[in-house]
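Only one chain comes next, encoded as structure tokens, the form predicted on its own.
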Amino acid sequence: MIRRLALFLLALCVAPPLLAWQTGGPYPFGVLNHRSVTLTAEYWNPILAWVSARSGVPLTLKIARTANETTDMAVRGELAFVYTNHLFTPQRDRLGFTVIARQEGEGIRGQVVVPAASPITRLEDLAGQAVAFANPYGFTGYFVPYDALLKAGIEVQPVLAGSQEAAMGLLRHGKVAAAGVNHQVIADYSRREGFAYRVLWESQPYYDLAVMAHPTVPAAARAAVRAALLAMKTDPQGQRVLAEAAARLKLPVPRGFVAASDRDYDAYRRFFQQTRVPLEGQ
């Protein structure tokens, strides 16, 4: 009897704390912040408010200072939902997050870019030069372009800026010779900031970031959030929310959400099986 009591008390001590959504609290929704925290919040807060009202699942935006810190929150189990493409590395893939939707569009590509007036015309010209990347977790903003440089035998000096737009800021102000970027994010940045650039290299397309659910989120909540996201682009009020969000970032067109599954992201998994970029426990 004493032994059983001791084991019970030990289990209480080592049991993980209940997550917010397991105790009736709101469901934290993390967003990979390619842009500043302010711009990310201005874009996503109205979307999450609409999805919360439509689905009946209360969502609250959670963003860390940098994209990799937001990913770390997901890895620690602090996010019920997360908009990301950082969870397909070998270790994170085993966490059990499930893809429920993605933003519509042609997909994303990694690029290596330089200012339009730069004398650099080839990847080979970057040998020994400083090249900005978002952070060591970024897919199109780090892994894909850095992998291309390594496979081409071009050694550069990586500069990790923290976010994609921070890397673009370094490039714009002449702090680095080139930047590895997500083609969509730099196009949006260029329109908003009036920054002219040239593309030295571009990857194959990959599906855009996925909305993913933590494995402990109830199936009913996952289904309700998914249905609300997919309904945004056809519901008149949802369309207005998307249009206003796009206007805040000066995007050319609003972007709704479409259905997606885990299998849609197998190209990410294949990339990580053959990349030359060190995964460092990822």
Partner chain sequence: MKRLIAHLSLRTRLIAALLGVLVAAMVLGGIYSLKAARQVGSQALAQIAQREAQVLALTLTEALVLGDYTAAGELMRRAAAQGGFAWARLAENGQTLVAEAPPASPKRPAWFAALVGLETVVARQSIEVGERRYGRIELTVAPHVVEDRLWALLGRIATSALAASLLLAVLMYWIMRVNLLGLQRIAAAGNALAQGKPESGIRLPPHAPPELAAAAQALDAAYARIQAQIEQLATEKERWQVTLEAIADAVIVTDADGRVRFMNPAAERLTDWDAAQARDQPIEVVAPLIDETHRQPIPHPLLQVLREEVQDKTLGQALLRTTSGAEIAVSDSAALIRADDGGLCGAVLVLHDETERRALLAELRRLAFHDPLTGLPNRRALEGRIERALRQLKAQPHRRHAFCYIDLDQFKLVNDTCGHAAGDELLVEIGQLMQARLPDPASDGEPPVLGRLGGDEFGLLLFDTEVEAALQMATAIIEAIRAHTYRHGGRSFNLGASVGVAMLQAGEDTGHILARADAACYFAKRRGRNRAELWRQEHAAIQAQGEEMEWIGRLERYFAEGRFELWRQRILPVNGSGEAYYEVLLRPRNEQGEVSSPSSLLTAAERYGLAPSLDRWVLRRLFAYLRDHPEDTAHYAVNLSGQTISDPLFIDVVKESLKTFGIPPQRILFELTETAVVHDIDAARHFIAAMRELGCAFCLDDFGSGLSSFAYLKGLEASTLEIDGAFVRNLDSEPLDYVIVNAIAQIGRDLGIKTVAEFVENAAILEKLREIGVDYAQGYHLHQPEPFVFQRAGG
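None of these values were measured; they are calculated from a predicted model. Positions refer to the first chain, counted from 1.
From this point on, the text means the form predicted together with the partner chain, which you will not see here.
Proximity to the partner chain in the model of the complex, defined as a heavy atom within 4.5 Å, singles out one entry of A41, A223, A53, A231, which is A41. Think of it this way: in the model of the complex, the partner chain has a heavy atom of just one of L251, A64, V57, V217 within 4.5 Å, and the residue is A64. Although the partner is absent here, D235 lies well away from the partner chain in the model of the complex, with no heavy atom inside 4.5 Å. Mapping the unseen interface onto this chain, N45 counts among the residues with a heavy atom inside 4.5 Å of the partner chain in the model of the complex.
Heavy atoms of A246 never reach within 4.5 Å of the partner chain in the model of the complex, leaving it off the interface.
Proximity of A227 to the partner chain in the model of the complex: non-hydrogen atoms within 4.5 Å are absent; the residue sits far from the partner.
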